[in-house]
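Coming up is one lone chain in structure tokens, specifically the form predicted alone.
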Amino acid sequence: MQRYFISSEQIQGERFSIQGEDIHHIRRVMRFRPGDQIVACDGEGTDYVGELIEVAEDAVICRILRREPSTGEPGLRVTLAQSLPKGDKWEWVLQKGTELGASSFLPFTSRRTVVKWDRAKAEKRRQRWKRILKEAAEQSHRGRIPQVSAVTDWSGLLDAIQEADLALIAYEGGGEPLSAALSRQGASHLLLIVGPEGGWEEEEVRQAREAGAVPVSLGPRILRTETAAVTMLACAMYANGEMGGETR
């Protein structure tokens, strides 16, 4: 059943409305008609199964058939922090990371970041990232749309490390095995940190460790930055029982 995100203001009594760009998708792409059913999620953990009763140019009105708890949200809150990669790699990480269950994304710049970040175009880029997150969350039946922060600098990342219950930084120079680090108990907010295409400078790893991050190894093979990101996230979800792994 096709899924859309709505705000609480779009729910009125036993009806909800679909507005904005989703109207075009319903009318022109899916060609839904009155009597068809869709699912709307309020972004707070509740799904509304609705029957279309009116399909207009400015709004789609649905009658609520039933309310159900969203089942696509993991019990572990994971923020994926990545030194901004070049090309469309970051958008790929946003999409796949959302599918895997990331709660939020933190792009940052480090010393070997290849991308020359244009702050004049920052908000336009971020709006595009938000659309990618929304579409990926709908496709993967998430109960919430992940958040993406504005691009921060290295000091902003160090601050984020201190705010997390457990921060793991992937380091090609070696560190604690990822499986061992993920077995630690008591972390409800996990921060996963991935470096740029050119790798970390040793000074950055030292500063991250001093801020509280744990360097971890992803094995003997050197992974591309976007591969390392989704690998760490998938392993974290598996270790937490979200993908058939052992439940903590």
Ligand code: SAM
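Keep in mind it's a predicted model, so treat the numbers as computed, not measured. The first residue of the sequence shown is number 1, and the count goes up from there.
Quick note: we don't show the form predicted in complex with the named molecule, though the next part is all about it.
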Handout entry: Interface segment, criterion being heavy atoms within 4.5 Å of the named molecule in the model of the complex, picked from 43 to 51, 24 to 32, 195 to 203, 61 to 69
Key = 195 to 203
Exercise for the section: Just give me the single entry in Q37, Q207, S179, S217 that has a non-hydrogen atom within 4.5 angstroms of the named molecule in the model of the complex. Expected result: S217
Fill in the blank from the handout: The listed residue (E135, D153, E91, E172) that reaches within 4.5 Å of the named molecule in the model of the complex by any heavy atom is E172
Problem - the named molecule contact in the model of the complex: I222, any heavy atom under 4.5 Å - result: yes
Practice task
Flag C235 as yes or no: does it have a non-hydrogen atom within 4.5 angstroms of any non-hydrogen atom of the named molecule in the model of the complex?
Solution key: no
Exercise for the section: Evaluate A228 for contact with the named molecule in the model of the complex, applying a 4.5 angstroms cut-off between non-hydrogen atoms, and reply yes or no. Expected result: yes
